[in-house]
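Just the one chain here, the form predicted alone, laid out as structure tokens.
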Amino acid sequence: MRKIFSLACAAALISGAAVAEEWDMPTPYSDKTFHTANIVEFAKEVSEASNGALNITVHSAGSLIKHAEIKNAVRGQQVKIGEFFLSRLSNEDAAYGVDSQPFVATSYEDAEKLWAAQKPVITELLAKQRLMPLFSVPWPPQGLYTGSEVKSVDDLKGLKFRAYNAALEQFAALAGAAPTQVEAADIPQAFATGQVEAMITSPSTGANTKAWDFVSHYSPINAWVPKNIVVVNKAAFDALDDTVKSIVLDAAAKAEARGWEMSKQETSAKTAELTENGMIVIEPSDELLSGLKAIGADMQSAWQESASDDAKAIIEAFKQ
């Protein structure tokens, strides 16, 4: 009888171990970033709704895995889930970087329409790498940070310019600036050491990195509305109990809707924070905007020549 009881206990322990899942989730951005706050809420909802059957521990600011390595870490099941900046994958296929093409989608309304066209293509591309998208959330529209007022594209010539993906690197180079790839967490050090002198990024990143410590002017040029994406390893997701799968998908849908609203609120709140800390927020001149849009148009022409059919299909669907 004692032996049967022991076997039953062992079976229960094994069963419990099989049901309970502990996932580590690397993210690139700090705890102050609204993307991270949204993901922490997502993880909390999954744990609570599943009664602890799936617990996701968020490791922010690249503390577990560096940004550039997160996608492949999820693909190889080093971790089961992770977040990264979607257009970082544009070197794999231009479809990933459509949202970072200058002046294609410059408002939240356009960004939503673009994501609706982009999502099915991205889903298919990621499936080939045994990955599945869970949700995607945009940054606020991208603005220009400089040490003095920029009245035209000519004023950017020669500036050491922070870039975060290939499209921005190309954009800066075409403007006559000298681009350098710098992660968000490294922005203060890059400015402090003279590695960069200007940047295009969101008011969120500007405020979170205390841009007022190293530049004086911010111009909301609204150049594009790029997105982060959260992906899960498909095999790891498929191994979950059906009930837990539904919980994850439901929490992901809520996180996407919540994240878009958080992003919209960030735009005004963080722009106000820049002003409160002494930065001069100035609307871009017509000359500056027309010059930047001309660069964007040239990039679009070059992009059309080399982009995949999938990427071109996204733009066509977006324009309809």
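What you see is a predicted model; the values in this text were computed from it and never measured. The numbering used is simple: start at 1 and walk along the sequence shown.
One more form of this protein exists, namely the form predicted in complex with pyroglutamic acid; it is left out here, but the text below deals with it.
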Pyroglutamic acid: the contacting residue among 115, 139, 191, 161 in the predicted bound form [heavy atom, 4.5 Å]: 139
Listed residue (135, 171, 85, 96) with a non-hydrogen atom within 4.5 angstroms of pyroglutamic acid in the predicted bound form: 85
Close approach of residue 101 to pyroglutamic acid in the predicted bound form, 4.5 Å, heavy atom: no
Interface membership of residue 125, pyroglutamic acid in the predicted bound form, 4.5 Å heavy atom rule: no
Any non-hydrogen atom of residue 29 within 4.5 angstroms of pyroglutamic acid in the predicted bound form: yes
Exercise: residue 248 in contact with pyroglutamic acid in the predicted bound form, heavy atom 4.5 Å: no
Non-hydrogen atom within 4.5 Å of pyroglutamic acid in the predicted bound form for each of 202, 205 and 226: yes
Which of 229-237, 162-170, 69-77, 127-135 sits within 4.5 Å of pyroglutamic acid in the predicted bound form, heavy atom basis: 162-170
